[in-house]
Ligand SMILES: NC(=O)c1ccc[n+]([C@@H]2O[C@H](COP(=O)([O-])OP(=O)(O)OC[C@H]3O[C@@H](n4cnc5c(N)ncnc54)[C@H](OP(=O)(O)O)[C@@H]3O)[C@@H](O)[C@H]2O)c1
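Presented below, as structure tokens, is a lone chain in the form predicted on its own.
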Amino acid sequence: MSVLITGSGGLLGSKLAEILSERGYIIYSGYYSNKPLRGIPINLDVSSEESVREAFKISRPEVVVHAAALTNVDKCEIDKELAWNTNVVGTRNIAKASEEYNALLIYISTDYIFKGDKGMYKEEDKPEPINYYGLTKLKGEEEVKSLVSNYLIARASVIYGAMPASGKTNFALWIIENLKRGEKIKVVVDQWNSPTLNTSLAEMISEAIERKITGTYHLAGATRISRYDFAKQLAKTFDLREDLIMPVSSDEISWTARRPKDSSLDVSKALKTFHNKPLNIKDAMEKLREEIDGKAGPIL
């Protein structure tokens, strides 16, 4: 089976290409600037309809995983044109081509489509984004629903993993590296999410491909946790100094874009449907430690 992955140099795309390649899928790895390590590389600018058409012509996919996005929340707020072209126009281009090729489209969305005033959001809860990143990802969902017959919208939250991706570190690795160096870090105590290990998300998406699961699912971690408690749990798991983690209020951080206070996701639907269940935070971190310990050399 031919699978086209957009954003294949990213945290999710790279792990998914690794897992699917090992299972015998023909993987076409779409990338914009960070060349992927797995799959057949295809340079792809999702905001260009011509570039998307060329990628589909080469790969002729039966499944498309659209993981490419501008995910820098503050950058989306500052450069709204770039955010719109990447996250909305790009998704529209991918959706149109997916329908033309009769491919299953798996669109990776986010907890940031929600306002964050209550947490533990279910799939049917009303989206109400409070920043431009969340708005563009919600508009991407709407493009998928209006243009594609066969789709899965997979919402995740704070994706992290054992390796840097797309030329940048992730929240978990940032914490681990700073604590290993004995440096103090400031982490907010008043933001709650459902942190999602990239391996777990990739396994669930692989299952969705194999079983042709469609609809909208929250494929996030199974634990609602504050960023501060997440950092403390990481320190415990990796035997690092918890006293270096300084609690701060989100009001003390000078972000450009507003962040939802509690955008945690209810994963009950995924727990009932998937054999590869969303992981609780303890199991996810043990898995992360196994992956990091299994790699030669430093984390970064």
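None of the values given here were measured: they were computed from a predicted structure. Heads up: residue numbers just count along the shown sequence, starting at 1.
Unshown form predicted in complex with the named molecule; subsequent notes refer to it.
- Across the options 230-238, 266-274, 252-260, 65-73, residues that bring heavy atoms within 4.5 Å of the named molecule in the model of the complex belong to 65-73.
- With a 4.5 Å cutoff on heavy atoms, N93 does not count as touching the named molecule in the model of the complex; it lies far away.
- Contact annotation: M204 falls outside 4.5 Å of the named molecule in the model of the complex, judged by heavy atom distances.
- The named molecule is not shown here, and in the model of the complex it never comes within 4.5 Å of any heavy atom of A55.
- Contact annotation: K180 falls outside 4.5 Å of the named molecule in the model of the complex, judged by heavy atom distances.
- The putative spot formed by F114, E123 and T216 is not touched by the named molecule in the model of the complex; no residue has a non-hydrogen atom within 4.5 angstroms of it.
- Residues are counted as partner-facing when one of their heavy atoms sits within 4.5 Å of the named molecule in the model of the complex; in 39-55 these are L44, D45, V46, S47, in sequence order.
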